[in-house]
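First, one chain by itself: the form predicted on its own, in structure tokens.
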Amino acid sequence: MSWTEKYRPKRFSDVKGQDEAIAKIKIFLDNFPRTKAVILHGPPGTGKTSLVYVLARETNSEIFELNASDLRNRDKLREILKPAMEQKSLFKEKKLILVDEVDGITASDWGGLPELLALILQTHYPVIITANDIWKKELAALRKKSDMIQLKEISYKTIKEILFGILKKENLVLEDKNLTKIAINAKGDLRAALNDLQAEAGIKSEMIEIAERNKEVDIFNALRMVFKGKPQEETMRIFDSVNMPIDEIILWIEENIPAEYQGEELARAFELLSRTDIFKKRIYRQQYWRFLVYENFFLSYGISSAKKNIKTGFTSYKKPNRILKIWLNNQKNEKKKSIAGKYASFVHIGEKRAMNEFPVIKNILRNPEIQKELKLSEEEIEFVERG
């Protein structure tokens, strides 16, 4: 694991060099809804986003997160953000709305800002916005509607203390002059300092690669943990470590539930799987990406909790061959339809004609300039270039 993630602050006491910002964000939360939004601004690496996640942990709040790319489309923003600002959290006492890196949108993508401003006036939950440079003229209206909290560059002495503490936890030693050099060169960016320290400690390439390999869990072990193990907090994250699309994991679960569960357990497991499917459809149809957490919850912890007792013995899990082939073919057709739709709209022809002429169109779309013009996604480009 990279040290920036491993040592990400979890409590206010872990956040160093930002005491004033911590005090102000607590005041903002106490004053809500009198003030509905706050902007955390400051140089990269000063801990703006980390501070929001610490705040969520300290207040037992769910975070609903958007970033700059979500502000490009006004209708999409309304569809995604408005329900999040109105609906209660299922698993937490409170909720925070995080709009991350608002200054990251380009000059041609300011369309969602008026909608964001309108939604801030209606929100039932605190809105926290982060930005490296909040002083762009296009963000003037947003500044007027929000409190402002500046996160300052962290002093090199504070950074050095943090780095020394991490080395101590890792049982590593670095010459003091090298530690000072890293702290000074970071220029207030703690994230950069941590990356430099990990590289200087000589473990970045080898140990991170090993960690990345170890964090992957094959689907058979994941199924074994869900079907046989005791449902616990770690169960909810088990599929995060499986290098497989979530829709494919659903097919594996569906195929193998009858191999482990019988009677009431079987009925309960399939009921929870159906709820997973409901959230999946809501996500795809309505673009409610925040429902991903609930889809994953029912698929992992939910199905694991369907059994009455922990199960023992060996079970041979089957690959869902027939269903998987159907699903993969459907995924292929969806990509083809999506690409054909973009092409048809651009050249003003019918989508049906574009589908019929797709073998010819596919050759045209291998041109990078045309791919850029049609705004093809990485997956769509890969599909086109696959041959």
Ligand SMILES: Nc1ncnc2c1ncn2[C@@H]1O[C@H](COP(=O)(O)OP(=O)(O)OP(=O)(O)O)[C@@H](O)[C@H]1O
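Note that residue numbering begins at 1 and tracks the sequence as displayed. The model shown is predicted, which means the values in this text are computed figures rather than measured ones.
Keep in mind that the form predicted in complex with the ligand is not shown, yet the notes after this line are about it.
When contacts are defined as a non-hydrogen atom within 4.5 Å, all of Pro9, Asp14 and Leu194 contact the ligand in the predicted bound form. Among residues of the shown chain, Ser305 is not one whose heavy atoms approach the ligand to within 4.5 Å in the predicted bound form. With a 4.5 Å cutoff on heavy atoms, Asn132 counts as touching the ligand in the predicted bound form. Taking the partner from the other structure, the ligand in the predicted bound form has a heavy atom within 4.5 Å of a heavy atom of Pro44. In the predicted bound form, the ligand stays beyond 4.5 Å of every heavy atom belonging to Leu223. Scanning Ile154, Ala186, Ile253, Ala269 against the ligand in the predicted bound form with a 4.5 Å heavy atom cut-off leaves one residue, Ile154. The partner is absent here, but in the predicted bound form a heavy atom of Leu190, alone among Ile257, Leu299, Leu190, Leu98, sits within 4.5 Å of the ligand. Stretch 44-52 is the contacting one of 27-35, 338-346, 44-52, 57-65, since its residues have non-hydrogen atoms within 4.5 Å of the ligand in the predicted bound form.
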